[in-house]
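Consider the single chain below, provided in structure tokens and representing the form predicted alone.
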Amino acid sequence: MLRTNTKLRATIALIITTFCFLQVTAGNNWNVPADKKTKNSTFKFDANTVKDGESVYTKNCVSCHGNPTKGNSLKSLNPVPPDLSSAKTQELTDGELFYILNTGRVIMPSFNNVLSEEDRWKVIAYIRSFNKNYVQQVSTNDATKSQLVKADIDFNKNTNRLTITVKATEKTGSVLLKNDEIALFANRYFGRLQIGESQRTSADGVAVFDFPKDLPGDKDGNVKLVVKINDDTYGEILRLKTMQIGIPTDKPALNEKRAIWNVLAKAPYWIIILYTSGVLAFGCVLMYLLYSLNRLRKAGNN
């Protein structure tokens, strides 16, 4: 019995060790596809893009990766997020960094639907600002090619499914966009609600989404849809369309009534009164202090 328990413990320990090793290995080795490694930004990095990238990095990345060059990444995570100014990170191509930001892995989240393509490149610009030897390779792809892309959206009432067909209208004819990542969102009061998971287009350039049967629309049932397309040639594309496919909801918008989250003109009266009283009180105190200081100055001169 003792030998059996010892063997069992050893087996469990081996499994845990193997799992931890695989987790760390998975976190450190990204296996970026060859065609993704060579992807570059369509705009040149400059002081402004670096500054914007720092702002995006601070909001989305610093909590785990810490401040570049400071070595203060979150050590409680496994694997520990690297300092992005390190030589190992700087050895990666821009395409590899972009792929990592897009896909995420293990504890690293995907920012594909969180940040715009431009913001993702700006983060990379900020990361590269810590590499004195970095020389940027700007993509020769025409950034305006995204204007050639069209997204046709059809809704089937019987199945409650949205069929999205994406294609580009080139001079040589219509080009179906195959194996592109498509994300679908519905505009809500405080942001976008993603509909289902992201899909890949078929050989016919088609992606299909199940639309919620209980999603509220406006009083006529209209829902504002946002289709986000990621294509290696045409870049990131957003297409908007309003469709009458939601549940008619004849209720005042949340931003129509007085509420604490609304603009000043529609803020609750008690907040307006409290704010005004605070400003007046501060002004009175400030005037009293100036008056007292003036009296002290006069008393000193006498």
Ligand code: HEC
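Since the model is a prediction, treat every value here as computed from it, not as a measurement. Numbers follow the displayed sequence, beginning with 1.
In what follows, reference is made to the form predicted in complex with the ligand, a form of this protein that is not presented.
> Of the options 61, 32, 50, 243, which one has a non-hydrogen atom that comes within 4.5 Å of the ligand in the predicted bound form?
By the 4.5 Å heavy-atom cutoff, the listed residue in contact is 61.
> Just one of 148, 100, 151, 195 has a heavy atom within 4.5 angstroms of the ligand in the predicted bound form, so which one?
So the residue touching the ligand in the predicted bound form, by this definition, is 100.
> Is residue 201 a contact residue for the ligand in the predicted bound form, using a 4.5 Å heavy atom cut-off?
Residue 201 lies outside the contact set for the ligand.
> I'd like to know whether residue 77 contacts the ligand in the predicted bound form, with contact meaning heavy atoms within 4.5 angstroms.
Residue 77: contacts the ligand in the predicted bound form.
> Should residue 81 be counted as a contact of the ligand in the predicted bound form, where contact means heavy atoms within 4.5 Å?
Answer yes; at least one heavy atom of residue 81 falls within 4.5 Å of the ligand in the predicted bound form.
> Quick check on residue 178: any heavy atom within 4.5 Å of the ligand in the predicted bound form?
No, residue 178 is distant from the partner.
> Which among 53 to 61, 34 to 42, 233 to 241, 268 to 276 is in contact with the ligand in the predicted bound form, heavy atoms within 4.5 angstroms?
Correct option: 53 to 61.
> Give a yes or no on whether each residue among 128, 131 and 138 has a heavy atom within 4.5 Å of the ligand in the predicted bound form.
No residue of the spot touches the ligand in the predicted bound form.
> Who in 115 to 144 is close to the ligand in the predicted bound form, meaning a heavy atom within 4.5 Å?
If the 4.5 Å heavy-atom criterion is applied to the ligand in the predicted bound form, 115 to 144 yields 115, 123, 127.
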